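Heads up, the chain below is alone and in the form predicted alone; it's given as structure tokens.
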Amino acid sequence: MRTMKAAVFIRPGRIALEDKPIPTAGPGQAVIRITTTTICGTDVHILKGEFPVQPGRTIGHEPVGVIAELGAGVTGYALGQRVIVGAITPCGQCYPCLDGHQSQCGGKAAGGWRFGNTIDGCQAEYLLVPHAMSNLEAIPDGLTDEQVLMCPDIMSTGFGGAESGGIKIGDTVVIFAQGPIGLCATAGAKLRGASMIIAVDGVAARLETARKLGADVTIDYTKTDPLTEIMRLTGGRGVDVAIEALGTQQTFESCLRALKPGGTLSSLGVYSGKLSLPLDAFAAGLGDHRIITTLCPGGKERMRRLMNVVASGRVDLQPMVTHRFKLDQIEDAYDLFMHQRDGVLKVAITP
């Protein structure tokens, strides 16, 4: 039996590199050899035990690789072809998929998120891809692994937050937290036509990156009260759209307080505790506010569109890869990423 190295969830607080059998493609499936992947904030939630997964599960949901095997019925692809697969792998045939909610594939909340959740993920040498015809997308010639590494998850999620928020040309938008997801939301707001984009964070380097990706105003919350400054910038009106990109009560509430009456709170954070609505900020439910959540849109058409954006040069997310590790160093990579040391944004993992 041929084996591969894989990063496996052992228990809360412990992910380790283990040997696992190399998967085999069944009908409608494919196996890709991973060439580059990364660590997501959701993986850290898993490591901390804040999101339950089965012990022994291979973690990771952001794959870039080459096709190693194609199962029966998978056509239009070739062995050795470079591909990406979204973090969300819809089947394209169930009721939620046909109703336009591919992320909820199968009818259970977050059902489209399989890699590293309900099936083995991609922090490994090989990955089994379900519903391959719906999810494999070829990487255009001329694009490197690192140029497309953000497409499977954080680019799709961040852009999705801007899209779900319904940002219109001329809108004023605030994004609370400028980690990888928030930075992608900032770039997405720019592409959607917002005329004033306000980025809030407490790390100077992240605020500088936010400016490069489209933020017009940056607020360091350790030096300035964000809500006071947002109201000053908007003449007391509030913002049209507030995007929450961290997953805490404080940032969620700040987004709600920053909104104009009738504004939209677009929530991207993964919340690990109780979330409450403050009565005054919620206007007792009478403020015509809209609160919407977004789970990373997936599928091959989404990946094609995102790579088109990268290829066009309108957004360059490659500088977000701040650190690089081999798969053998995955525990060190997690330690760095989880503790946010050395200015880390995203790490590239190469088997």
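Start at 1 with the first residue shown and count on from there. Bear in mind that the values here come from a model prediction, so they are computed numbers and not experimental data.
Beyond what is shown, the protein has a form predicted together with another copy of the chain; the following relates to that form.
Q: Answer with one of V44, V53, V309, A68: the residue that has a non-hydrogen atom within 4.5 Å of another copy of the chain in the predicted bound form.
A: Of the listed residues, the single hit is V309.
Q: Sort through G142, G235, G273, G80 and report the residue having a heavy atom within 4.5 Å of another copy of the chain in the predicted bound form.
A: It is G273.
Q: Looking in the predicted bound form, any heavy atom of G287 within 4.5 Å of another copy of the chain?
A: Contact with another copy of the chain, yes.
Q: May I ask you to state whether A110 is within 4.5 Å of another copy of the chain in the predicted bound form, using heavy atom distances?
A: Contact with another copy of the chain, yes.
Q: Using a 4.5 angstroms cut-off on non-hydrogen atoms, would I219 count as touching another copy of the chain in the predicted bound form?
A: Judged by the heavy-atom cut-off of 4.5 Å, I219 is well away from another copy of the chain in the predicted bound form.
Q: Heavy atoms within 4.5 Å of another copy of the chain in the predicted bound form: does G179 have any?
A: G179: no, not in contact with another copy of the chain in the predicted bound form.
Q: Honest question, do C91, I197 and G269 all end up within 4.5 Å of another copy of the chain in the predicted bound form by heavy atom distance?
A: Checked in the predicted bound form: all three residues contact another copy of the chain.
Q: Among 121 to 129, 221 to 229, 201 to 209, 161 to 169, which stretch has residues whose heavy atoms lie within 4.5 Å of another copy of the chain in the predicted bound form?
A: Only one stretch qualifies here: 161 to 169.
Q: Would you mind checking 242 to 267 for residues with a heavy atom within 4.5 Å of another copy of the chain in the predicted bound form?
A: Residues within 4.5 Å: F252, K260, P261, G262.
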